[in-house]
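Alright, two takes on the same chain below, each alone as structure tokens: structure 1 and structure 2.
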Structure 1
């Protein structure tokens, strides 16, 4: 979905979102409150400039608008694969963005993310996955690594990974598989404005992804490992 159409569906009371070089920023009215909107569009590759722009926008909200809700709109092809970005330390810029979002949360800002088009790799991990809760549209594309690339890295044959992906959401892309793993809280359809308002009103800021993954059958050991670490016990593989 194109971001302007999405904004019209989300913000019936109006918004002031602007796009500059694939970077989205502005405000919107939701449920009688002003929220900050920060994100990317056009499958933006996350280089040092856009990572820093997002971080600066988050810090500005923390500094100038205490406890204002923040919506992260996610559409990214992941980390920009350029020698220049690598040499300048793109990993540090992306880590800085993640830290700024964590600072916002600790400062009392409700942070909600919505994957409305594409969410790949590190560009998704340091934005949408850093939110209190991440949601997705049903037509969105979500994956950390495509199966062909995974086959090259792991040396597991592509045919075997394709077979595993049929039953195991860890190997399969798509919003429904990420919902099963707990990475996506829910998939939004129909009345997007009401669902956004409900998400922003939710006071819960506790990371429940491992527990959701266990309950939904998508990640069967993650929560058990968490509990074992807390208690100091040993977990045997299933």
Structure 2
């Protein structure tokens, strides 16, 4: 979905979101409160500039608007693949963005993310996946890497991966697989504004993704292994 149409659906009371070089930033009114909106559009490749711009926007909210909710809008093709970005330490820029979102969460800002188009890999784990909860639109796609590149690196034939990507939750790119694995809290259909308002009111701030993955049957071992290690016991059989 185009971001302006998405914003109209989300914010009937108006917004001030601006787009600059694929970077989105502004405020919106939700449920009588002003929230900050920060994100990317046009399947942005996340290079060091746009990672830094998002981090700066998050820090500004923490500094100037205590307790203000933050909505992260996710549309990215993943990290930018350039020698120059690697040379300058793109992992440091992306880690910085992730740490700024973490600081916001721990400082009392409710942080909600919405994948409204594409989410990929490094561009996603330092934005949407750092939120208190990450949601997705039904037509969005979430993946680690394109199947041809995955086939080259894993040496698994492309035909096999293509077959698996149809319905295997580990390989298929649809948001419902991520929901079943706990990576996506819920998929938003119909009334987006109401669901955003509900999400901003949800008091949970703990990472529950492994527990959700177990409850929903999409990731059966993660939570059991975490619990076994934490408590010094054995992994309970399924």
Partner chain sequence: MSSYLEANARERIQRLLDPRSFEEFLPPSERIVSPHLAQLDAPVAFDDGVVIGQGLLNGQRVFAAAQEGGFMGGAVGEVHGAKLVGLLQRAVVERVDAVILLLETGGVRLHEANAGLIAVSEVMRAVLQTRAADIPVIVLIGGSNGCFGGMGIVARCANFIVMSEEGRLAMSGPEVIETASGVEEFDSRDRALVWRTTGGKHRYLLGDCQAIVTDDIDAFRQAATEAVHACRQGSAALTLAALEAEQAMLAARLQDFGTQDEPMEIWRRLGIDNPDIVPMLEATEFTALVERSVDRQGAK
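Computed from a predicted model, the values in this text were never measured in an experiment. Positions refer to the first chain, counted from 1. Rigid core: the largest C-alpha set superposing within 1.5 Å between the two forms.
Here the chain taken from the form predicted on its own appears as structure 1, while structure 2 comes from elsewhere. The rigid-core alignment places the CA of residue 121 less than 2 Å apart between the two structures. Superposition of the core reveals a Cα shift of less than 2 Å for residue 73 between the two structures.
Taking the rigid core as reference, the CA displacement of residue 167 between the two structures comes to 5.7 Å.
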